[in-house]
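Starting off, we have a lone chain in the form predicted on its own, written out as structure tokens.
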Amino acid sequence: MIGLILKSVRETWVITAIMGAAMLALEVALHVILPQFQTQADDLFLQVPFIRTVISALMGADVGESFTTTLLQAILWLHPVVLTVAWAHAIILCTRIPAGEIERGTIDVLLAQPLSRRAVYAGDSLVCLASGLAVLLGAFLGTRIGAAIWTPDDGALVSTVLLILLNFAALYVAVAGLASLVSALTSRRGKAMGIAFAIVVGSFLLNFLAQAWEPARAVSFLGVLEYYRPADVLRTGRAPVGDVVTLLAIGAASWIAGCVVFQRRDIATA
């Protein structure tokens, strides 16, 4: 198992380092750039109500009538590029086994090791989750560096940022679990990655439409972003316990289902 974990670390540390550095740089850039637009954004909100509706849809919550500092802080965690970096990292890593190994034709060599399929699946999943933690740590450090450059009068406290980071980590687990399940069901990594990205993009669109379209609101619980609400955490300061539990449950259920599928599927006919 140690050898398998070290192999996975050697194969993934570069992409993890790149994604972590990208997340850090992105958070610093957003922390510095966004406040410069606050005054102009306040005027735009008042003059064009449609813009407020669009921003509310993107945020997954009503933003009120002004572009407040709280909203600025929430965008640091809800910006599409931030979400894309985290999701891309989870999907890239969690589709390596078994879909990636089957596609490369090396699955027989991997499974020839004196380990059960469950152990192989679990070992790679541990590396994926640990690597995801490193990427999220990059995001946290980016917000701290950005705060040192630009300190808002009513900015989020570190404790509140940690609560958001907890919610973000649970979102990462959910996406990683879904990607692992898709990988276990397919034999081509490109196909697995495409399906996983389609799921998260669909969740993003559903969360967007739910703010303005009643039919979408009725089924919004099906999307993972329904349970990721940094704006609410910033407003209330309360831990999103229910959302975190739901996302972890989605990730755990998907992971278990993927493990069962991987254990039972016939690799020889893949």
Partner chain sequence: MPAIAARGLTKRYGTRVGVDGLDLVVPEGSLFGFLGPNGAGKTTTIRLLLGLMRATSGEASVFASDCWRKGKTVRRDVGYLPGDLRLYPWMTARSGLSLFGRMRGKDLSAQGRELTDLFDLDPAIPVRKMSQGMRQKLGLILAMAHDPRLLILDEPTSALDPIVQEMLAEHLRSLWRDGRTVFFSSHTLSAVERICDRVAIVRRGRIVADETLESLRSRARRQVRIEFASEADAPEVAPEFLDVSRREAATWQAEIDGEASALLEWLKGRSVRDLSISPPDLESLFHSFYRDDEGSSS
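Positions refer to the first chain, counted from 1. All values reported here derive from a predicted model rather than from experimental measurement.
Unshown form predicted together with the partner chain; subsequent notes refer to it.
At a distance of at most 4.5 angstroms from the partner chain in the predicted complex, none of the three residues 211, 217 and 226 contributes a non-hydrogen atom.
Contact with the partner chain in the predicted complex, judged as any non-hydrogen atom within 4.5 angstroms, is confined among 192 to 200, 175 to 183, 106 to 114, 72 to 80 to 106 to 114. Although the partner is absent here, residue 124 is not a contact residue: none of its heavy atoms lies within 4.5 angstroms of the partner chain in the predicted complex. Of the residues in 1 to 18, those that come within 4.5 Å of the partner chain in the predicted complex through at least one heavy atom are, in sequence order, 2, 3, 4, 6, 7, 10, 11.
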